[in-house]
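Given next, in structure tokens, is a single chain: the form predicted on its own.
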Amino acid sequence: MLYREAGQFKSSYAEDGRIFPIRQDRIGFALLMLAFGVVVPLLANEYWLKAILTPVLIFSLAAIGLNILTGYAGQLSLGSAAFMAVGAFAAYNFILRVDGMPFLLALALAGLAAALVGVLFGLPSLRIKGFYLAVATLAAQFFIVWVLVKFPWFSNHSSSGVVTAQEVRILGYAFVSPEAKYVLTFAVVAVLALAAKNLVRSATGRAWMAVRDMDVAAQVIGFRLMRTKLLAFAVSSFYCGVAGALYAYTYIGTVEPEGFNLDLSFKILFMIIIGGVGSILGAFLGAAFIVLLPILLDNLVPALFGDALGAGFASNLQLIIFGGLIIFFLIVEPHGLARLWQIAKEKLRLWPFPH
């Protein structure tokens, strides 16, 4: 069949270690990048770009960050939204207080600021783990939001605490239209996703997975737990910080502490549970699922039942479905949608032969 790799030989270690070792995967990835990077901005309307595709990309980036920490390094975190808030406010203040600050540099510095905060709150992971570490990161969620509200300097002394994000301008070009903001978001997310995919396949990624599987054994064979865990917190927070800056500048258009609340942290956690823990692809699948499901239910429930069930039924139904799906994936397929896609590819390789 079309997906068979028969006749594709690998003559070097570099060829065998590619991200996409099969030719069909490389062609499919190139077509996917072409479709979402070129065709979609030309054909999609403003609603799809602003309300669906751009948030899916941003949440995918945040989910990749959490997946690096939880899925690959085994450190549970409930403070992803707080690190997004650090990135958003850091980017705002860098652009505001440094004349001529390039947006991409502000984006990188915002990620670094979030990484520093992530390392600070990652220090408890050297002593505690599991549920207790989750509670420690939950404290970060409340503390960071409290600091951003308590000290008005971060919001430029705005009376409401809500500030408008500055205009995004790169090399003299202003990213104002939904198409331009989508292309910028897509480019940043694509580059960072490929970087994450390579990182988890490197020696650093193998160290994270060794600590995740059994930290005591990893320490015995020579892995340095402090360096490995804190690096996971730093990289994870960097990704969340960049996602927070994009969330403010290319999606919402405003920066406010309450926009990065605990609900957002749980939403990102649900993305990696449904999409697949320990999978870069799972971050995208989970983000797309979480963003599209409420829109689908908002349109499907009235079409099926009309006004008989009330306006609040759809929102309650979303929570019921979310909870049910999380239980389903934890029991039936802990590796989520990414694992289902992997199984489908394995079946395509052998079809129509029995397996």
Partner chain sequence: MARQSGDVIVDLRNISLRFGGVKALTDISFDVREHEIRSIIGPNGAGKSSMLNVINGVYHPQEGQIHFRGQLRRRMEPHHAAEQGIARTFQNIALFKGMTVLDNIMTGRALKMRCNFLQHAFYWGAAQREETAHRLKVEEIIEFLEIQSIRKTPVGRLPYGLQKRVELARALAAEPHILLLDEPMAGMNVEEKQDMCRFILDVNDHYGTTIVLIEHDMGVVMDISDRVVVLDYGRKIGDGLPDEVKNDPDVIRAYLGGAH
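As the structure is a computational prediction, the values presented were derived from the model and not from experiment. Numbering follows the first chain given and starts at 1.
What comes next is about the form predicted together with the partner chain, which does not appear here.
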> Any idea which of 214-222, 113-121, 80-88, 182-190 reaches within 4.5 Å of the partner chain in the predicted complex, heavy atoms considered?
Replying inline: 214-222
> residue 206 near the partner chain in the predicted complex, any heavy atom under 4.5 Å?
Replying inline: yes
> Is residue 17 close enough to touch the partner chain in the predicted complex, meaning at least one heavy atom pair within 4.5 Å?
Replying inline: yes
>> Whether residue 235 contacts the partner chain in the predicted complex should be assessed with a 4.5 Å heavy atom distance threshold; does it?
In response: yes
> Does at least one non-hydrogen atom of residue 109 fall within 4.5 angstroms of the partner chain in the predicted complex?
Replying inline: no
> Can we say 93, 97 and 101 each have a non-hydrogen atom within 4.5 Å of the partner chain in the predicted complex?
Replying inline: no
>> Just to confirm, with a 4.5 Å cut-off on non-hydrogen atoms, which of 128, 135, 195, 262 contacts the partner chain in the predicted complex?
In response: 195
> Pick from 281, 210, 168, 76: which has a non-hydrogen atom within 4.5 Å of the partner chain in the predicted complex?
Replying inline: 210
